[in-house]
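This document starts with one chain, in the form predicted alone, laid out as structure tokens.
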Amino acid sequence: MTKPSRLAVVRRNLKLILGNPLGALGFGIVLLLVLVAIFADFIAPYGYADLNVRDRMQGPSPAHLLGTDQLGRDTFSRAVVGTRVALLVALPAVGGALFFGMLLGMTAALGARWLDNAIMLFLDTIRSFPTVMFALAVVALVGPSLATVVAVVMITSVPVYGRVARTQTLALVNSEFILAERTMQASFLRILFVHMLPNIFGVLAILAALDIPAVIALEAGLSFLGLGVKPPTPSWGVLLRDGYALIRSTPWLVVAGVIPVILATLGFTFFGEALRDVLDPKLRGRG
């Protein structure tokens, strides 16, 4: 029997995810967020920085679906563009943390004892810094920006993926196919990327999907504290900060910041759990 192609495997897994009601819902929300982020400039009826002082502090209306803020800017447009900001932080940060954590974790598990100890000491040192305090220190040095938020989230997330990658690799290091490759004097890089990576990537992908909502919430929290993106770039955290000061008179600003965060959390969580069910054979009754 021939081995199914990667495309066939992807199609089969996607079919299994869509067969799960919560998985289909999560996939739909994630797809919607991605499309909104890509086509934000076409979806937003106004520019996110367009000022209209005469229409300031207006409530929801056909002209302004989520009202306007204290400067007359359209809240719906800012929430739409904020979707792009959230994903521009979450996806590169999680992807970078996944890559570097996976590389360090597999190297630690397959390398010499001194290398394993050095890498784990490095990861534990990074993990010991509280994320918010580390963000404060970095922002004080380089200033708030989108790149700063991505770097902070990536650096503080690397130890999580590194430890998981190391644990998964150690579970496979004495497997027969790894011992056979070593007997045939396969190179370290071949064992690392050809044999180890495909066997541990599924677990890390599940972790990444479930970690994206936490990163989005972290970015919103940093922006709420003034440590995120620079004005006038919109962010869901900035919407929450602006709305918090005016919550008694303009509650729609808080709603515009809260609802996208909730949708992103539910979407990526449902999608991650469905992905876990598909990639973990035991959860499908195969173990």
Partner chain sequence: MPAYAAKRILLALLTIFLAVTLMFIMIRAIPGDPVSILLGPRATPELKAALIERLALDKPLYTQLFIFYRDLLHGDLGLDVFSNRSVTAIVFEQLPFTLELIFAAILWSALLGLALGLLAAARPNTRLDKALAILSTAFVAAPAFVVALLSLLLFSVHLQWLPAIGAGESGNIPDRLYHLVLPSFAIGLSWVGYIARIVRASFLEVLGEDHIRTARAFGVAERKILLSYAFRVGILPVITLLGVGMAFLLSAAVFTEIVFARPGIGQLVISSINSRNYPVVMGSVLVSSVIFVVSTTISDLVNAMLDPRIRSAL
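Numbering follows the first chain given and starts at 1. Here, rigid core means the biggest group of C-alpha atoms that superpose within 1.5 Å across both forms. In this text, all values refer to a predicted model and were calculated from it rather than measured experimentally.
Absent from the display: the form predicted in complex with the partner chain. The rest refers to it.
The stretch among 80-88, 98-106, 129-137, 175-183 whose residues place heavy atoms within 4.5 Å of the partner chain in the model of the complex is 129-137.
The partner chain is not drawn, but in the model of the complex it has no heavy atom within 4.5 Å of L33. When contacts are judged by a 4.5 Å heavy atom cut-off, F39 does not count as touching the partner chain in the model of the complex. Mapping the unseen interface onto this chain, S187 falls outside it, with no heavy atom inside 4.5 Å of the partner chain in the model of the complex. Contact check for I247: a heavy atom falls within 4.5 Å of the partner chain in the model of the complex. At a distance of at most 4.5 angstroms from the partner chain in the model of the complex, all three residues L121, L222 and V261 contribute at least one non-hydrogen atom. Only one of the listed residues (L279, V10, L266, L18) places a non-hydrogen atom within 4.5 angstroms of the partner chain in the model of the complex, and that residue is L266. Of the listed positions (A217, I191, V164, L110), a single one reaches within 4.5 angstroms of the partner chain by any non-hydrogen atom in the model of the complex, namely A217. The two forms, fitted on the rigid core, differ between the shown form and the other one by 2 Å or more at the CA of V142.
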